[in-house]
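Let's start with one chain on its own, the form predicted on its own, as structure tokens.
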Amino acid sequence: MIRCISPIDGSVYAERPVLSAEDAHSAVARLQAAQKGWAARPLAERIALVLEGVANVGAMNDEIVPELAHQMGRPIRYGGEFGGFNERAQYMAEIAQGALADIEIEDSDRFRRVIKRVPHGVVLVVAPWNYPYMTAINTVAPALIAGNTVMLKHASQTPVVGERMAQAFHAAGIPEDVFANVCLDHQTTSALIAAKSFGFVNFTGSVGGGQAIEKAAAGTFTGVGLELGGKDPGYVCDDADLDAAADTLIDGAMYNSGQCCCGIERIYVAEQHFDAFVEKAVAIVEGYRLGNPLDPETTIGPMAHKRFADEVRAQTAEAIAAGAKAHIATFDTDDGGAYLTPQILTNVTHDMRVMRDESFGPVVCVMPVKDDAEAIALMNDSSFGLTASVWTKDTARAEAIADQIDTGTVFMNRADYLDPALCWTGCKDTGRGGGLSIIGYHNLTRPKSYHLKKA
């Protein structure tokens, strides 16, 4: 049995039985049997069915928004995830024909030579709880459009999300044996991967979880896409718009209670602007209202689970004991559990765990830097590499800095946004592979070459 403990009050919000090993293998077998028939349908038909399923999710939004608050704590005032969910699916539908098109080398009176893109078969999507709809659709939509069948295993914190997506997609006419939502424990998931059940596995989650996926897949030659931890930096250059930088970077650090894959966790500021930036950042955070996410006045809700908040408190306390300065007084609504005061730390160093380990919570560290070279060195001094945010009025300078940062995406004058036209990818301990964009389709299919000699 998996249980979702609501961060609102610690009650059991949902519990679901996990599939037995036998039932899990049977579910895979049904998806495998249905895959060739699904892939044989016209591309336009698959696209239309997926987009209808996406629209069905949108029609449920009034119910989905409070469900998300109950499951993972995001305030209802933010309206859920359908905007990004829909944007990503629509874009992947728009580029599908070109992304999946044959590459014709020759079609003469002697030879037809062509490279086609063919689906892997069954794709397993292991989705996280922090953005449970948007992260899932990144792979679910293009995998189905490309002709794969899909098994979705959602996080135990957000089991209702997988059920909603299955309900919406099945109502659109996508068969249950083409898109299946399942509840699996870790052991059964690993056993399915080790048994070569899937042509491709996409996982978004912790570094430890990604390592477990890789170990299960070892020797099977199963394709694996992993988006794991992050410790994303922002750099405020000497010519930056300080107000815009503070507004965006602090929002990128604190939105969703800091539980964002590409959330900002480290900020480096040109030393002449350091004090002014910190003053602006503190004023923003002091204006937040921490409380019940079902209250429309709440601007920052609880973390998804008390144990996540405990880790942030531990990192923060260790840093303060080592000399860091905390700028935010404890909020009255901080209960010592899932409800956690957002925090800004200065006087930090890279020797502190809060500057090295992923925090995944509402704490951000700010350091002064002398120049671009120091900022680049500090941004690269991390075992992670998902995104980085550079703030300057000079595009050429931003690109030159970006060329030297070891990361998956570099933003200029923005942060914490996933553009579906660009590959979503990371390096180092953040993982491997790439989702969305044309490259997402390439990762969800394999090339197949046809060398046909004519009579």
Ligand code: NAP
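Predicted model only: the values in this text are computed from it and were never measured. In case it trips you up, residue 1 is the first one in the sequence shown, and so on.
Below, we refer to the form predicted in complex with this ligand, which is not included among the displayed structures.
Not one of F85, N148 and G435 comes within 4.5 Å of this ligand in the predicted complex, counting any heavy atom. At a distance threshold of 4.5 angstroms between non-hydrogen atoms, V390 is out of contact with this ligand in the predicted complex. This ligand in the predicted complex is not approached by A166, whose heavy atoms all lie more than 4.5 angstroms from it. Contact between T316 and this ligand in the predicted complex is not found at the 4.5 Å heavy atom cutoff. In the predicted complex, this ligand stays beyond 4.5 Å of every heavy atom belonging to F198. Of the candidate stretches 362-370, 289-297, 128-136, 327-335, only 128-136 has residues whose heavy atoms lie within 4.5 Å of this ligand in the predicted complex. For the options P75, G225, G205, G162, the residue carrying a heavy atom within 4.5 angstroms of this ligand in the predicted complex is G205. Among R110, K215, H350, H186, the residue placing a heavy atom within 4.5 Å of this ligand in the predicted complex is H186. Residue F308 is the sole member of 286-318 found to place a heavy atom within 4.5 Å of this ligand in the predicted complex.
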